[in-house]
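Listed next as structure tokens: two forms of one protein chain, kept apart as structure 1 and structure 2.
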Structure 1
Amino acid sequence: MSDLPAPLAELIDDFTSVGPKDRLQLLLELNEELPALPARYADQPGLLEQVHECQSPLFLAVEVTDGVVRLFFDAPREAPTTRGFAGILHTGLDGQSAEDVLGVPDDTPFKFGLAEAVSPLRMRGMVAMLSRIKRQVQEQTGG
């Protein structure tokens, strides 16, 4: 997994070193760690892009400053699985270089072993989040 940003690779190690039930617990913990939106997005939700493939409403924004990617997510507290997926991507990719984020393989969401614990539709939502993040990084860097 050396092609992945270190925080993302560490998360994959954490998830795959435990059984499916504990993976869900890790996902719920990341749900709780998802930061609140900064005021510039909370006050103007139209600046966020909705990821329609998610089963619960999920909105995201990507900023690239001096080659560093910042990620912002908004999802209701009543959607812990969706927020957990966002938490994985936030923990694993926020603060990484645009090059490293663009280099994350599209099938990375399946490397957490969560497909054994959640529905394929939910996995589709996480794949869509990663796709939107990479597209927004490309748009902002011309990459």
Structure 2
Amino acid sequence: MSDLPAPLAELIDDFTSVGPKDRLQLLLELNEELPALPARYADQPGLLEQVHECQSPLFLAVEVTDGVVRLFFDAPREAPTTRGFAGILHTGLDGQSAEDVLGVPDDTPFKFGLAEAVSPLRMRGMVAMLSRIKRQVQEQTGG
């Protein structure tokens, strides 16, 4: 766990130190705390990339400025699980260095003990979000 960005590692600790019911509660809180899109994306949704692997529509944007990654997500209120997954990645990765984000292992979404609480089938959405974030960071850093 030591290679993960600190906020992401803390979230994993939070999730895995409680039982499945409380994990859902944490996910619900992250869904509620997911920031709204800033106007520059809200007004131009075409700038966002759709993550087709999510069961509900989810759109994301990635910016890398001076080596720091900023993440933006948009998903409907009726899709709290998808929003919760986005909330995990926002809390865990927003503001981290491009290098650290690229270093996050692809199977990290399975470290939260959520597969057991929400079923493994529903985990692909978060896996897909992470891989798209990493791909965009890679492209923008010319790596």
Partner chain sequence: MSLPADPSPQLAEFAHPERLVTTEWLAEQLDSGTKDLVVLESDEDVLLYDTGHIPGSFKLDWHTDLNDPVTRDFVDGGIFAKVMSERGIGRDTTVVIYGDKSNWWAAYALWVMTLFGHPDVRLLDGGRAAWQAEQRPMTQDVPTAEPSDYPVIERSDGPVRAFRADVLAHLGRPMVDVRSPGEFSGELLHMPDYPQEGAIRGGHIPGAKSVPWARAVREDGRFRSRAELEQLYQEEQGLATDDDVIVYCRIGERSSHTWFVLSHLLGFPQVRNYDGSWTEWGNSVRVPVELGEPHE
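By convention here, residues take numbers in order along the sequence of structure 1, the first being 1. Between two forms, the rigid core is the largest collection of C-alphas that superpose within 1.5 Å. Bear in mind the structure is a predicted one, so any value in this text is a computation, not a measurement.
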Handout entry: Panel number for the form predicted on its own
Key = 1
Practice task
Align both forms on the core first, then report whether Ser17 has a C-alpha shift of 2 Å or more between structure 1 and structure 2.
Solution key: no
Completion exercise
When only the core is superposed, Ser119 shows a C-alpha shift between structure 1 and structure 2 in angstrom of 2.6
